[in-house]
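The data below hold one chain only, encoded as structure tokens and taken in the form predicted alone.
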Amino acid sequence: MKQKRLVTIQDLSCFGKCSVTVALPVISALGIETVVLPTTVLSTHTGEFKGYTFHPLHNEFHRIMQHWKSLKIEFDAIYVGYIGSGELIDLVSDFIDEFKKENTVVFIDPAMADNGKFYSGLDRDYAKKLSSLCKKADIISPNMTEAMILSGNKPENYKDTSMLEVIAKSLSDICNNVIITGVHNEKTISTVAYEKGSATLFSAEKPLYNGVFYGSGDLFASAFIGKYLCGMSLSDATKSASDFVNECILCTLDERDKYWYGLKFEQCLPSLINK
């Protein structure tokens, strides 16, 4: 059987388990050839670290894209994570136009905000450009804050789930398949999946743990797209990825003070593969 090939386009944080350093091992472990195209190189991720280095790769991105074009490289999936600038969004858009074929799955995690506010340096103008990029996707996976922004609501109201179904359906006008992560309930946290035209939302509910777990969204996205490419449905891949992240959190809880920079996902990969 032909091995599937995916390219992931997002930042490379050299230390700290997130973005490329999560996507590459998780998706590869599921048997999918995983190609990386970094948008930016950082010495560490930006959660709680101070003094990190930051180097955008605008020029190199275009050169890599042109080289791949000359080699006629093709991808079964394009997985886009954190981009970081409007100029890079334009380059990613060009990449999708160039490399998306009839059966290529485009999966975009519109990473730009969390906990009710934009990431440092990003704003509504960035969100508008990112929303346009999401129209080229087959699946998008915003967290609840990002879902509020993309649907024209106030990000600070991200814990208000009363309009969740309305928000999910409005986002399906941008992209047919929508997954919303980080849906807060009183004692639980859910991931919701919605396919345009469906009567109901699918929900995978897990316990809500105290603390911040850096890279959990990247782990979910990587496990999801890997399982989806292996043939799982949108809802089944959502459940499988949600189970995996929960297991990674449980594995990390006893040493959370030592692993605040990321989850101990490596020890949980066998269960992801076997399931």
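None of the values given here were measured: they were computed from a predicted structure. Numbers for residues come from their place in the sequence shown, where the first is 1.
From this point on, the text means the form predicted together with a small molecule, which you will not see here.
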Check all three, Thr104, Phe107 and Ala221, heavy atom within 4.5 Å of the small molecule in the model of the complex: no
Of Thr46, Ser235, Ser28, Asn246, the one that lies within 4.5 Å of the small molecule in the model of the complex (heavy atoms): Thr46
Segment that reaches the small molecule in the model of the complex - one of 203-211, 46-54, 238-246, 225-233, heavy atoms within 4.5 Å: 46-54
Contact flag, Tyr119 vs the small molecule in the model of the complex, heavy atom cut 4.5 Å: yes
Interface membership of Ile32, the small molecule in the model of the complex, 4.5 Å heavy atom rule: no
Cys18, heavy atom within 4.5 angstroms of the small molecule in the model of the complex: yes
Contact test in the model of the complex: Tyr82 vs the small molecule, heavy atoms, 4.5 Å: yes
